[in-house]
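Shown below, as structure tokens, is a lone chain in the form predicted on its own; questions about how it binds or moves come after it.
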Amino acid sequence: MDNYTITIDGPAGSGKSTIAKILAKELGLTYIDTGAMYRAVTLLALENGIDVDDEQAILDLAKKVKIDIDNHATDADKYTSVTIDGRDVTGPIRSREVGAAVSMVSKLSGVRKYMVSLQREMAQGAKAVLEGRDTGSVVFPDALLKIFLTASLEERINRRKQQLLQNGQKADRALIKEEIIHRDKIDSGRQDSPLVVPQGGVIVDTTGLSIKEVVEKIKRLYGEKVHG
């Protein structure tokens, strides 16, 4: 068997990053955070005063820079480290401003197609865990195991609040709720690569489950696929 790839898709706050990193560490797979790439492009647009719906300007800018990703799969508490032309933007891409705009940028068809081409290059020939919004439906539809993580809105709000606090950022519950609902609407309604359960995907509801329980469940599913 040549295909040992897992894709993990789902809405904001469903636990994709944490689960994907632990799986990568425990299964010896490469971790690829596709969302960090969209955040990097969004940061570039904001820094350069480009309107978040100006597809051509954002695409032109993205093609002029080199985005490098260093994934900390060995430490699930750390985000992916990201540099743009050698500049460390790991912190800035996780800002509230970028978080509020990233769904607008990532829905742009030209930007998505370019990012998907880069993501496929990264995953080509690798035994990997990819996480994002369309990794199982678009980026790697032939993955061995395609997971769609979900959780209740309240659970996702709580996780996002904790995430912001851990990173020293303000965490207003009402604002977080508004942002998550807004992102869900954009991600699920965009014309190109909308957030959907991929064909043949397995839905895993993480509401009320511990990280360990979710990881073990996915590992069981993966083992069944690997061993036929």
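Since the structure is predicted, the reported quantities are computational estimates derived from the model, not experimental observations. Counting begins at 1, following the sequence as shown.
There is another form of this protein, the form predicted in complex with ligand DC, and it is not shown here; the text below is about that form.
The stretch that touches ligand DC in the model of the complex, counting heavy atoms within 4.5 Å, is 102-110, out of 102-110, 81-89, 121-129, 150-158. Contact check at 4.5 Å (heavy atoms) against ligand DC in the model of the complex: all three of 38, 183 and 190 pass. Contact between residue 72 and ligand DC in the model of the complex is not found at the 4.5 Å heavy atom cutoff. Contact annotation: residue 94 falls within 4.5 Å of ligand DC in the model of the complex, judged by heavy atom distances. The closest non-hydrogen atom of residue 16 lies within 4.5 Å of ligand DC in the model of the complex.
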